[in-house]
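Take a look at this single chain in structure tokens; it is the form predicted on its own.
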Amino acid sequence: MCKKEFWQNKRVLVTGASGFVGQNLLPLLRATGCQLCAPSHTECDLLEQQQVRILIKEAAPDIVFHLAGLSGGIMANKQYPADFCYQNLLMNTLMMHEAYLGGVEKYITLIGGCSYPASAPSPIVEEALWNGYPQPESAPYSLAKKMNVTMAEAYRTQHGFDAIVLVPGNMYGPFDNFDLQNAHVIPALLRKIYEAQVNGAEEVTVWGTGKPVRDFVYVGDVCEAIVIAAETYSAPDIINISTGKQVTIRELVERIVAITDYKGQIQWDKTKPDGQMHKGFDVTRLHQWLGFHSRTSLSIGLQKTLAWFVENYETARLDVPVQPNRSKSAS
């Protein structure tokens, strides 16, 4: 439950409101009774300082949730590394700086687990952030996002600016990106297996051996934790937001097969890479500092996500081309 007294008469600005996290966060913010401003990317180009300055001046927010960013899959990151680095560095810099100049009381932004070193031991503790280089294929994006942590600490130290950075784990849920070329593992598998079931396909091919272990977190739980952090947390240290529970990709596929009632065969293409074999997130800070535990089990979360996908199939994000020439809502 939100602390409604905290949000009373608060003006709140959300960038990236049409993205994955944004569309799940907005209903929680509306429920607080705050005065909400959620412009689209066509209303404000976050790569233009003057437009960002005008946005902050006109919205006059007390709280900013900066969720916007240029994002995409590994292939897009390999094709447009300069764009992923430049655009994320620039919009993050402009948003934080102009928010500080505009007298914003609280600034909340996110980075992904991909910003952690590729060699970080699992479960990944927050202190590991600077202990190595991230996955090379997406490093320009990951390092650009990672600079949020340094900037937040710098603005807090020099200006007393209350900026916090949170690190969601492998999120899934409604409004996700279901483009098979750019989607993360759960939305990609859900779509592929659901469509195979609908079309009566005899088999579905899945990359790798199924042995890698991952820690998945339902986006609704992440958004609850973000709201709690906005209300209660004020420090430079990052906080992981995940379940702390790990599952193999093979077990994940078996659960999706069960809920979609798919009767065909699953073929594992072992010539394709598995990626990092173990990647979970330590959630000690989440439990101790925010007093929050993810409540949605993987089984329930998958069922909710599938139900949303089936109901919204015609309007879901099935084809999400990366457009590196402009800012784009985070996904």
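Note that residue numbering follows the sequence shown and begins at 1. All values reported here derive from a predicted model rather than from experimental measurement.
The same protein also exists as the form predicted in complex with ligand GDP; that form is not shown, yet it is the one meant from here on.
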**OP:** Using heavy atoms and a 4.5 Å cut-off, decide whether H97, G103 and A230 all contact ligand GDP in the model of the complex.
**Re:** no
Original post:
Is there a non-hydrogen atom of Q246 within 4.5 angstroms of a non-hydrogen atom of ligand GDP in the model of the complex?
Top reply: no
Original post:
Heavy atom to heavy atom, is A183 within 4.5 Å of ligand GDP in the model of the complex?
Top reply: yes
Original post:
Wondering, does D274 line up within 4.5 Å of ligand GDP in the model of the complex on heavy atoms?
Top reply: yes
Original post:
Taking heavy atoms only, is K279 within 4.5 angstroms of ligand GDP in the model of the complex?
Top reply: yes
**OP:** Using heavy atoms only and a 4.5 Å cut-off, determine which of Y86, W207, F175, Y155 is in contact with ligand GDP in the model of the complex.
**Re:** W207
Original post:
Between the options A196, I108, A76, L189, which residue brings a heavy atom to within 4.5 Å of ligand GDP in the model of the complex?
Top reply: L189
**OP:** Tell me the stretch among 78 to 86, 146 to 154, 122 to 130, 210 to 218 that has any heavy atom within 4.5 angstroms of ligand GDP in the model of the complex.
**Re:** 210 to 218
